[in-house]
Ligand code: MEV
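This document opens with one chain alone, in structure tokens, the form predicted alone.
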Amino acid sequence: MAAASAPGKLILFGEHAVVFGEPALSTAIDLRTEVYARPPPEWLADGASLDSPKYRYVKAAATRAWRDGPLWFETRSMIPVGSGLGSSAAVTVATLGALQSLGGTFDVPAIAREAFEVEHEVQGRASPIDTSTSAAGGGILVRRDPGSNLLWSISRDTRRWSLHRCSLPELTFVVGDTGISAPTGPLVAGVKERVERDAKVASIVRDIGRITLDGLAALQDGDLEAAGRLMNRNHEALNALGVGHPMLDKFVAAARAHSYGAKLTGAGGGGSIVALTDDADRTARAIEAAGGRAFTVTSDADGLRRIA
């Protein structure tokens, strides 16, 4: 048997724009997924068929990375599915980590690249920010061109992403989960269609890239008020891209009364909002009063790791 554990993530700035090569900033968080793999007589996941849609990322990872006969997978996750916290990335990275470990290797950059290919295959279009953050842990800045503190670069068709380690202070966030699960693929495809059709939408994508770099500078300077204002701007820009939802706006408005700023996180269309705050209890209560499920997470330096 072999097993690996990978963290969820929060995109602090730049979701959707990163698909078009603009910068994005993310951090791993202290919610994790574990995947155990052992050789039994047939393919199974948690005692069920690997063909179940629930295990499509596990199956895609196994199809790409394993050639030595059936496996029985067991998954354990703290990350709500469809919440924008990287549940699919974490289970993909952890599955590949367990498979590599079972085969006698553990190459994190290779796992990060393979995990992106799995997400791209399942979703139809993706960026490597989720899978790379889950693999590497800590703070991750994605840019088109490589710079200092480069971890690895990943290319797909005409697109190129360079994943960089970036230092962030320890941060506390309150996540507000709408309970509405929206598939990432159609949302990403919808933004692509709007960008190609409308120059104004394309300019919003570029603006999100600028917000990302300003947000990183604010966080590294310890200016949480400025970072919060930029999160608010990023949320409005994402709404303009068509990936918002009335419940997300409701939770954002509730959270902002007790936080530096708040925005949707992840693909949108449902999922979650994230609020940067030093008053987690009041922020969480405000989100819950607005009808959401709220929980506190912190940034985490740990990425993919072997656990068995």
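Counting begins at 1, following the sequence as shown. Small disclaimer: the values here were computed from a predicted structure and weren't measured.
From this point on, the text means the form predicted together with (R)-mevalonate, which you will not see here.
Novice: If the criterion is a non-hydrogen atom within 4.5 angstroms, does every one of I11, Q123 and V188 touch (R)-mevalonate in the predicted bound form?
Specialist: Affirmative, all three are within 4.5 Å.
Novice: Give me the residue from S101, T184, T75, S162 that has a heavy atom within 4.5 Å of (R)-mevalonate in the predicted bound form.
Specialist: Selected residue: T184.
Novice: Based on heavy atom distances of at most 4.5 Å to (R)-mevalonate in the predicted bound form, which listed stretch, 263 to 271, 29 to 37, 47 to 55, 61 to 69, is the contact stretch?
Specialist: After filtering at 4.5 Å, what remains is 263 to 271.
Novice: Heavy atoms within 4.5 Å of (R)-mevalonate in the predicted bound form: does V18 have any?
Specialist: Answer yes; at least one heavy atom of V18 falls within 4.5 Å of (R)-mevalonate in the predicted bound form.
Novice: Can you work out whether I129 and (R)-mevalonate are in contact in the predicted bound form, taking contact to mean some heavy atom pair no more than 4.5 Å apart?
Specialist: Because a heavy atom of I129 falls inside 4.5 Å of (R)-mevalonate in the predicted bound form, the answer is yes.
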